[in-house]
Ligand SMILES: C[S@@+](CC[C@H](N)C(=O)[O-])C[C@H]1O[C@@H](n2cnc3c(N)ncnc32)[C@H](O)[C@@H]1O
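Have a look below at one chain only, the form predicted alone, in structure tokens format.
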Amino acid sequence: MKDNRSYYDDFAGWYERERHHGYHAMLDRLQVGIARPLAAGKDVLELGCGTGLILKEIEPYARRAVGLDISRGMLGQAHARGLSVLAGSATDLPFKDESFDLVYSFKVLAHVQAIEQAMREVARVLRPGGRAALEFYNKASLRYLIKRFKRPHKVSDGTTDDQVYTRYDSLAEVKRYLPADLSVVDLHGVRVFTPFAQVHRVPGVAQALSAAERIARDQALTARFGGFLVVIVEKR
């Protein structure tokens, strides 16, 4: 097991190898589609911005968009994109109270062990009435079932994806992580139907699955079963 900073610094060189097409590009489109309407004209923070693939899609719509990541290896590529980013931890945000109207985080919170502290920090930096789009790995999903039997996947020459802390949560557990001033107002589910990333390499199947995932993301009946469960919370 590696600490998060070392893991993602190691991952940084390979991170974008497969992110511009197929399955990973679909995930990014679905996640951008959640965050972008919430970001319009707002002061926005992305927790775990990585190389800036999502932040670059949000930044043109926001009044101000800032990214934060624990990995300087990842941030080097975000800096090269001209994005406003800085190094820091989700459990100790380097911002004043009530600095943002929107905080969003994708593919990150499942790897944060002190998750309740991270949620307190989200609440602290949000303004009253502000919202956060927070993605968790979902126990009630096809992805979780498959991951239990899947072989480790290489993220660099010397590192596999089972070498970082990873947690899967139920919706009830997610709600328990939230401080009293944050309440869930909406849900989205990303990757409801996709069994394996590789199916998005098959012509025809990829298009059909992508269309189905887009519809399922925002439907109450299907969102709860997304491999990536996105809760929209509001600060009172």
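We number the residues from 1 along the sequence you see. Worth saying up front: this structure is predicted, and the values here are computed from it rather than measured.
Keep in mind the form predicted in complex with the named molecule is missing from the figure; the text below concerns it.
- Of the candidate stretches 49-57, 33-41, 186-194, 202-210, only 49-57 has residues with heavy atoms within 4.5 Å of the named molecule in the predicted complex.
- The named molecule in the predicted complex comes within 4.5 Å of no heavy atom belonging to residue 120.
- Contact between residue 182 and the named molecule in the predicted complex is not found at the 4.5 Å heavy atom cutoff.
- Residue contact check for residue 132: none of its heavy atoms lie within 4.5 Å of the named molecule in the predicted complex.
- Of the heavy atoms in residue 178, none are within 4.5 Å of the named molecule in the predicted complex.
- Only one of 102, 125, 90, 83 comes within 4.5 Å of the named molecule in the predicted complex through a heavy atom, and that residue is 90.
- Note on contacts: among 147, 139, 79, 107, the single residue with a heavy atom within 4.5 Å of the named molecule in the predicted complex is 107.
- Residues of 50-81 placing a heavy atom within 4.5 Å of the named molecule in the predicted complex, in sequence order: 50, 53, 54, 68, 69, 70, 71, 74.
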